[in-house]
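There is one chain below, alone, in structure tokens, taken in the form predicted on its own.
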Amino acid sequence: MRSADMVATPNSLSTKAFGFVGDLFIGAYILSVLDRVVVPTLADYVAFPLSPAHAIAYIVFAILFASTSLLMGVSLSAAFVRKTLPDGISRKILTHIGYFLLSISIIAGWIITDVSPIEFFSGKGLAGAGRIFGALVTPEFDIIGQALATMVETIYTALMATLIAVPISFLLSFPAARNLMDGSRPKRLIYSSLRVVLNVSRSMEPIIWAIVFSVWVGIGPFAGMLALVVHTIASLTKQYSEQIEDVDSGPIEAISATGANSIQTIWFAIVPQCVIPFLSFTIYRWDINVRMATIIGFVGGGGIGTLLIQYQGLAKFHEVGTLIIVITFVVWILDVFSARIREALK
């Protein structure tokens, strides 16, 4: 039996283990949110500083919560792993736990983000917003040449990042596909290790990578391009590998029956089924990279984002309005262009 099947079995040991570990985090989350955010705000007092006693209390509560959930058969994490809910009273209890988690998360989010409709609709705030929007709709076109030059830099930053990332993503997508690496133990180890690296790389947003590469190679479009390359490789590899996992197994079995090796099977049975989706993913990713290239300019990634943050810092909102018009127009053109290409590939 495969490991994936073991996880999906309702009463398997692995399911219970995953459920217990997940419920540990849920229990610690519930107590920490109530203790640090909700109760202090509702009772109007400042939460006590964290101490070893707090940590012990969280651990004890988490263990009690996870143990009780597991014994009663109402483990939210186990239900998530199984992708099914239990029947009867356990289903109702599990549903109430889910609603409770959602409720305290919304309350905590409201408190932490300091949501204030009064401030949003205050006269002073609306007046300030009016001044900014007024400046944005009356742009300063004297900087249009500078804006277009930096926008071209942004477009080519995204283009080069995509072109460099595509062949690397293509090669990595095959060992990252479960259906191709579900044989021997070394294959599963390679698959799991690669997936971990890709998940970590993808979880770090391009703006974080841009900060890293700005220190590494210096501020400018090269740092921005490298940041986009790393994130694009992680994202495209995931999309490519998932497409490989969804291919029809018929051609694979037919090619393998002729005595073809693994490379020949991939090239003649899998690649032809994936070419069009791969192209579609690539074009869409370039579209995304153009938008991201604008944002990473805020932290030294070059392009029009750097110019935008400079004028915004100087409160020159008429110039900011010009840059926004250029960004919106170019992104709109590229979006239409990429959408037409993706439609033609279908």
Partner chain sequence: MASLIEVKNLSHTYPNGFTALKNVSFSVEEGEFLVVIGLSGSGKSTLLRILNRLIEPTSGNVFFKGLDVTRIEGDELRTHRGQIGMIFQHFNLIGRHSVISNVLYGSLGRTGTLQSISGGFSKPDVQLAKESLLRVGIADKAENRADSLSGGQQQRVAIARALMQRPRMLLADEPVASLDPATSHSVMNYLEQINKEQGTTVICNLHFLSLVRKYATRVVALKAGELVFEGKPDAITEEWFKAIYGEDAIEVEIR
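The structure displayed is predicted, hence computed values, not measured ones. Numbering follows the first chain given and starts at 1.
The next section is about a form of this same protein that is not shown, the form predicted together with the partner chain.
Contact between Tyr99 and the partner chain in the predicted complex is not found at the 4.5 Å heavy atom cutoff. Of the heavy atoms in Gly220, none are within 4.5 Å of the partner chain in the predicted complex.
Using a 4.5 Å cutoff between non-hydrogen atoms, Asn261 counts as a contact of the partner chain in the predicted complex. Not displayed here, the partner chain is approached by Trp267 to within 4.5 Å at the level of heavy atoms in the predicted complex. Only one segment in the set 170-178, 208-216, 270-278, 129-137 has residues whose heavy atoms sit within 4.5 Å of the partner chain in the predicted complex; it is 270-278. Candidate site formed by Pro251, Ala254 and Ala257: every one of these residues places a non-hydrogen atom within 4.5 angstroms of the partner chain in the predicted complex. Contacts between stretch 207-232 and the partner chain, counted in the predicted complex as any heavy atom lying within 4.5 Å, involve no residue at all.
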